[in-house]
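Presented as structure tokens, the chain that follows is alone, the form predicted alone.
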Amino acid sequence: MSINEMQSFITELRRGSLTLAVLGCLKQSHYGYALLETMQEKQIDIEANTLYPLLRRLESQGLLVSDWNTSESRPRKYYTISEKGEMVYKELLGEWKKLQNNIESICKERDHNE
């Protein structure tokens, strides 16, 4: 298997978790670049060309609210999770935990049988 093929599988695996990670990070208000840095500090590999469209989509779905801060030299759009976003976050987190437990169980069974 080539490195590119493996990277494609890893990207696919991570893609579904990014919404959960973004919603989790936005309990505190962040502007885009600060959120990007926060996620990278947490070892969540995401690029700006993935994050910004995701933020716009989540905002259009009502999961985030935004506010422009123009008091600094450069205006920045700050994002925060909305009430609807908080409900979705809690539901997704519960599903993610169940899925994680089920996958761990499958992998343990497989490793035990080998």
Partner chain sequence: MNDLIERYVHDVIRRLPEKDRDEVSKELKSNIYDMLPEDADENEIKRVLRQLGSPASLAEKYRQKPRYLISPAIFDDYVRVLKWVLPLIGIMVLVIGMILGTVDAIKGGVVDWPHLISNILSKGIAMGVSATFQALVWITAGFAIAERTGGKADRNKEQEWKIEDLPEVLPNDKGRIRLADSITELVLIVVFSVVAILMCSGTLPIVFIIQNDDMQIRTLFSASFLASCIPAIAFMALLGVCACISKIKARRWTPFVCGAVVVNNIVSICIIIYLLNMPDLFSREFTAFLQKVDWGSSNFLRFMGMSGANVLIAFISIFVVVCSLTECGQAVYKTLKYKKS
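Positions refer to the first chain, counted from 1. Just so it is clear, the model here is predicted, and its values are computed rather than measured.
Form predicted in complex with its partner chain: not shown, discussed below.
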With the partner left out here, check for me: in the predicted bound form, does some heavy atom of S60 sit within 4.5 Å of its partner chain?
yes
For T80, is any heavy atom within 4.5 Å of its partner chain in the predicted bound form, or not?
no
So, S71 and its partner chain: in the predicted bound form, are they within 4.5 Å at any heavy atom pair?
no
Taking heavy atoms only, is E47 within 4.5 angstroms of its partner chain in the predicted bound form?
yes
Within 4.5 Å of its partner chain in the predicted bound form, heavy atoms considered, which of K84, K42, K27, R76?
R76
